[in-house]
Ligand code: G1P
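Only one chain is shown below, in structure tokens, and it's the form predicted alone.
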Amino acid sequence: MNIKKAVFPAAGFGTRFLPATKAIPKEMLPLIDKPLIQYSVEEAKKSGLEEIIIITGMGKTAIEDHFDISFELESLLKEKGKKEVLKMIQEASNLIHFSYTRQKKPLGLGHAILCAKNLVGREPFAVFLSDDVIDSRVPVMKQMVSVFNKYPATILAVQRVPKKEVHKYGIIKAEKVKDRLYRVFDMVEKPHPSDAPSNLAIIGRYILSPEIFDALEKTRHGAGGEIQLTDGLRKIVKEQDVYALEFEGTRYDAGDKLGFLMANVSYALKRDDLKDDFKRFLKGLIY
């Protein structure tokens, strides 16, 4: 079965970027000149997916507006002859088919995914966390879909992290199947370095079987009253195969201020219209 649908949880408050995110959704913060979420949507499109399901919350209408048609703006750009800008605006609204549903209370990542149950149906689907911006030659989700075609099961994207940083992530316990591919037996959420089963951290790309909905419905509310995806995945591991792909690419945690700045610098240096002047600016900085 092909992976056709992708779920984008986007109902969080973005507290790490306050006060900017008081009025602007975190997912709409610009990475150069496109909002964070658009990079992941483009990755989904390039990976062959056909439908995006965005889980929104209060104050997130800017996301829907961004991927919608803006007749007044497009007419104005046409009148002024700004063809390149008009093209970029139209590309955003014509990328792919979008559906939206609401997570009325912020009850965790697992709960957000559960909100998409009726729109996804009983088929495997992808999940993107747009905080994780990944620069790769082959889109990470496309890498994962290739694995899924050979191993039709739940697939997790993982990355090696320094041992001292494992407490920030969900960490897998696994055995190597072949180069960059692992069979997962268990996972631990934010372990102490001495208790971590590996240094392979789960990153914000998933291919999930529809049974995850059943597992999440049976998952008890944890700390802060939230339903955690990791807890649901631990149930899945006991019942069916789960694999982890150590993807190829450079990942930036754009949900963190430093990671967001690093992503902006890196992407700016790859832009033909910016890199030369930006390099001169960076070389001229004095600390």
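Quantities reported herein were computed from a predicted structural model and do not represent experimental measurements. Residues carry their position along the shown sequence, with the first being 1.
Omitted from view is the form predicted in complex with the ligand, to which the following refers.
Checking T230, T219, S47, T56 for any heavy atom within 4.5 Å of the ligand in the model of the complex turns up a single hit: T230.
A heavy atom within 4.5 Å of the ligand in the model of the complex is found for exactly one of L109, A215, V120, A153: L109. Of the heavy atoms in Y182, none are within 4.5 Å of the ligand in the model of the complex. In the model of the complex, at least one heavy atom of E189 sits within 4.5 Å of a heavy atom of the ligand. Within this chain, K60 is remote from the site of the ligand in the model of the complex, having no heavy atom within 4.5 Å. Put simply, I203 is close to the ligand in the model of the complex: some heavy atom of it is within 4.5 Å.
Figure note: of the listed segments 98 to 106, 173 to 181, 207 to 215, 126 to 134, the one touching the ligand in the model of the complex, with heavy atoms no more than 4.5 Å away, is 126 to 134. Taking the ligand as it sits in the model of the complex, the stretch 233 to 262 comes within 4.5 angstroms of it through a non-hydrogen atom at just one residue, R251.
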